[in-house]
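Before any questions on how it binds or moves, here is one chain, the form predicted on its own, in structure tokens.
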């Protein structure tokens, strides 16, 4: 995320619970700028009662553990620590600071100041005071004013200043981590607390280093590969003039393309650039998340191999990966990309000459991909897009798949045993002459995702669709496998299986009926 937008402040929200300090230390080492410790109280009115009553622990416990752990590991000055969870008064702010917080999150109390009456039905669109609803009649009832919230925070600040003066502090930073100043005797000596040891909760770690956020993280992104790519693509970013870049890549070059995609998006928004405006030819082995969030107009061609998370969040770019031309390996029998490829991709094209790892296209919601085999859990939780697999698949294919379409070459005839049929049906691929009759009156699957422009005129059905993908795959990667299937199409076509989510098909049919009714 820091690569996509280097100017952004990256925050990680953690639930207050036993062990949260270790997690906070981990995300701080991973260069998070900000950590939020969220208590069990407060929260949205849409939360289930079971979550409100039984999930998490008081923010005081999680905050104390986080602050102490960060101080003990010399990490506290590198990260800003925020606390939230039903903070309502200036006293809460002061206690939070004494336990180690730099910042304080308020939500429920300002909402009440603006008119919320805590009906806890935010998710039903029936908020009676017009706060959490899109119903125009209910929204007319909203009486809140910005001044109501402003006044509330003025009172909070005034109480904080009074308590700080009582304690002898001039700034918030002086208070942070001073748990020794908390008066806990009344609570600890209470008969209900008999036998409980609170010494660790109020322990003050002695250190010579600052115990508040006073440094910025070194995200180590000043000299990453993307800086070189951005410099080479500057003309394209500024003027939309096509450029071609060729360079080497190594497995320590992580998220290659993400920062460049961020620059394109910053300048041109989601519309991006024309196809292939920025063509990047890379040689070598990429690190994790190759092509993450690549924007429209970006084509990243890799002669080598990819690592895990290739195409994470792909946003319109084109990724092409194939083995080195001098390699003697059989591409369709060897891994070319790692696990969790196309995680959360929303648009774009991918052509991989070789086998993908596990969880291929997990949560893909709009990208097109061609691969020559996948591991277990392929197309897991997929919600859109098109995936063509022209090789073997692992077990549990299509688990939780609720949208999109997958085509699988089932040469062994046992794909049904390895596909999770809980939410999908398996259909034979229709020949060209049968396709129009079968799909008559039904919205084209690709058209529903705006992919016709990418793949050309493919309204004739599944067979044409697969052939178009194969032609692209052979063109971009030089795939012998794709070439062989196209040459022997009459033999291979009956071996393809279409994986179609049941509810997705029904939704397309209903949309078509409504469109026909108009």
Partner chain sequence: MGKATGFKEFARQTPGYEKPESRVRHYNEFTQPLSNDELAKQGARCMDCGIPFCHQGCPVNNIIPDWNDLVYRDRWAEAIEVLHSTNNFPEFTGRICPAPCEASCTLNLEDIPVAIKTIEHAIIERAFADGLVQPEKPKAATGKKVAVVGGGPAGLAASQQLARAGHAVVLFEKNAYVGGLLRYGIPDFKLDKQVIERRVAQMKAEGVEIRTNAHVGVTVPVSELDAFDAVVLTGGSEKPRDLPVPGRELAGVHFAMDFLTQQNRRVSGEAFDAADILATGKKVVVIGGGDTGADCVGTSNRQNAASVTQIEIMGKPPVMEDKLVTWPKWPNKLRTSSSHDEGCDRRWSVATQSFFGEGGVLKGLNCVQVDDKFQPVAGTEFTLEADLVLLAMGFVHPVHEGLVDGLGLDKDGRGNVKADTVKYQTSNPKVFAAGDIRRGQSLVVWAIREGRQAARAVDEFLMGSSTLPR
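Positions refer to the first chain, counted from 1. Please read all numbers here as calculations on a predicted model, not as lab measurements. Rigid core: the largest C-alpha set superposing within 1.5 Å between the two forms.
Keep in mind that the form predicted in complex with its partner chain is not shown, yet the notes after this line are about it.
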query: The single option of 274, 117, 329, 165 touching its partner chain in the predicted complex, heavy atom within 4.5 Å; finding: 117
query: Listed residue that, although its partner chain is not shown, lies within 4.5 Å of it in the predicted complex (heavy atoms), from 325, 170, 192, 143; finding: 143
query: Region of this chain that lies against its partner chain in the predicted complex, out of 96 to 104, 198 to 206, 152 to 160, 117 to 125 [heavy atom, 4.5 Å]; finding: 117 to 125
query: Residue contact check: residue 138 to its partner chain in the predicted complex, 4.5 Å heavy atom; finding: yes
query: Interface membership of residue 243, its partner chain in the predicted complex, 4.5 Å heavy atom rule; finding: no
query: Interface membership of residue 129, its partner chain in the predicted complex, 4.5 Å heavy atom rule; finding: yes
query: Residue 121: Cα shift of 2 Å or greater between the shown form and the other one (core-aligned); finding: yes
query: Core-superposed C-alpha of residue 216 shifting 2 Å or more between the shown form and the other one; finding: no
query: Core-superposed comparison between the shown form and the other one, residue 171 Cα displacement 2 Å or beyond; finding: no
